[in-house]
Each structure stands twice: as C-alpha cells, then as structure tokens.
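Below: one protein chain in two forms, given as structure tokens, structure 1 then structure 2.
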Structure 1
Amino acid sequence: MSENETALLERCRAGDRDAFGFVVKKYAGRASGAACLLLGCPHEALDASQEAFVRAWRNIKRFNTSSPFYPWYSAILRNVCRSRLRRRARRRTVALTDGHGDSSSDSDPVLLAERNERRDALWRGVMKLSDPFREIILMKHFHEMSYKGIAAALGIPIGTVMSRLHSARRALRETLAGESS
C-alpha cells in the first residue's frame, strides 16, 4: 500500500470526508464489480457497494491504518451482499416469480474492462455459478488472493479452498461448454 493511502486513511480516521472521497473513488470500480459478482446480478451492485462504503466510514475508527484498506472494505462488502442474498432468498420463497436473474441483461458484463467476445462469455458463465462459487472466483481471480488469504477471509481450511475452486472452475467449464455447443 502506498504511503499516500496511509496518509489519506489517517485523515479519514480524523473525520475528513474529502479524504474518504478519494478513497471511495479509488476503489469504486472494483467495489461495484465485486458486488455484482457476489450478488450474481448488476441490479443492486452499485447500491450494495455504496452501502458498504457508508458502513466502512462509520467504523473507520476501528480500522488499522497501517493495513491496506481494500481487504477490510471487502469483508464489509461481503457481509452486505450476503445479507442481501439472504433477504432475497426469503422473498423468493414467498413470491417465486420475481424476474431477477432471468433476463439476459442481468449477466451483461458492463463492469468488465477490455471486453471481447471470449471475456464476455466467460463473465456470463461466472454469473451463472452458485453464490459460493462466484465468491471464490472473485477472490482468486479478480482480487488475486492466495489460498491462504482466501481461507483466512472465509474462515475455512485451505483444503476446502482448493476443492471449492476446483468445483467452481469445473462448473464454469461445463457452463461454457453447454453454451458453445
């Protein structure tokens, strides 16, 4: 992490909202992309990632400024998205037809950089995976975390990280194979 960011985060801790603005803008793209993957659709991605920033600000006093900001924020975002998924699952048992996740625009890779046909197809495939699979793909491939880091963040053994990633990538290959045939 740059010295610059440490200084910014110190200012945030002191209550400087402009400094927090810089931090938010720095991570906004990554944050909304991550929320989109965690939620499995782009509808609430912006809103969820913004809510997580608000929570981060309210808890900024508990943040250790000598550690990097994004992993800390990322844990908050994960909780925001998880509770939204839970709420959505509850709603779904009440109203089975809710339209979410059905339309093709739901999986549009609008948050992806340097798009091409292959990458678009890959994104759509990832979006079709189950919640835990999308989560671990996000951590490994977008956040470039090590198995050890993922295990610590999710509170699971490294062996589980390995087998979950294995299953996730296998499921992804099956989805992609089904698509092209």
Structure 2
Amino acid sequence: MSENETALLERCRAGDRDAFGFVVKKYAGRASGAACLLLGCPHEALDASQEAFVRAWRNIKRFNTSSPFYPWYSAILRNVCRSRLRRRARRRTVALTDGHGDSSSDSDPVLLAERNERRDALWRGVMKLSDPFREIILMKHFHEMSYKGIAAALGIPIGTVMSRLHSARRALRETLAGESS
C-alpha cells in the first residue's frame, strides 16, 4: 500500500468524504466485478458494491490504516452479497460475459459458440460449488487475489486458503467432468 493511499485512508477515518470518494473511484470497478461474479447479475452487483461502500464508510473508524483497504472492504462486500443470495428464492445462473474480444474468433460462429459453451459450463460449475469453494475460486481465479489477500479477506490462515483452494478446484473439476459426460 502506498503512502498516498495510507494518507487518504487516514483522511477517511477523520471523516473526509471527498477522500473516501477517491477510494471508491479506485476500487469501484473491482468491487462491482467481484459482486457480479458472486451474484451473477451486473445490476444487482452494482447495487451490492455501492451498499458495501456505504457500510465501509459507516465503519471506517474500525479500519486499520496500516492494512490494505481492499481485503477489508472485500469482506464487507462478500457479506452484502451473501445476504442478497440468501434473500433469493433460488439461485439463478447467468452467463459470464467475456469482455475480451478477439476479432478472428469473434467472426467465426463455430469458435464463438464453442467458447460460449465452455464459458457457460464453467460458470454453471462454479455456481454449483458450495459457498466457501465458490468464493475462494472467484477470489483467486477471477479477481486474481494473492493467497495473502484471500487470507486477509476471509480471516483465515494462508494454509487454509491453499487447502480450501485445492479442494475447490478438485470439486470444480468433478462438477465439470460430470457435466461433460
């Protein structure tokens, strides 16, 4: 974490709303992406990330400015998303959007269909995982968080992160193998 971010977070703790606005701008995209992966709905994800920022602002005095902001915020966001998932009558599966366009494969309908089918199967497999497994897969592979960052966000030791990630990957492989047969 940079000195500038530490100073900005100190200003936030002192009640500076403008400083918190800079923090929100810095992490808004990452936060809504994380929420979208957990909730499967971009509109609901935006609402959830905004709700989590409001909760973070209300609790900013509890934040330790010597620690990175995002893992702390991520725990708040995860709790908001879990609450929203619990409120749903049943889970919906929504296709994961692919924001990376490759003009050669985008123009070939067969390749595009195959890529969409693989992407949808992967997303369905991830959504079938238990909450702890889905969460750790999303944090590591979709958010590209480090083991240390995941451990901080989940409040668990790094060894537990590695063990849970190993088990989650195995469960996902089994789910995907069952779906392809």
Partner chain sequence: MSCNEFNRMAGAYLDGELPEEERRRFEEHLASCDACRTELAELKRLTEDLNMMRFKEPGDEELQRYWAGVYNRLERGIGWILLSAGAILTLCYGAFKIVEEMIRDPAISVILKVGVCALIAGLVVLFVSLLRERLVVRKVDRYSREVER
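Since this is a predicted model, take the numbers as computed values, not measurements. Residues are numbered by position in structure 1's sequence, first residue being 1. The term rigid core refers to the maximal set of C-alpha atoms that superpose within 1.5 Å between the two forms.
Note that the form predicted in complex with the partner chain is the one shown as structure 1, not structure 2. With the core held fixed, residue 142 shows a CA shift of 2 Å or greater between the two structures.
Relative to the superposed core, residue 30 undergoes a C-alpha shift smaller than 2 Å between the two structures.
A displacement of less than 2 angstroms separates the C-alpha positions of residue 58 between the two structures, with the rigid core held in common. Relative to the superposed core, residue 159 has its Cα moved 7.8 Å between the two structures.
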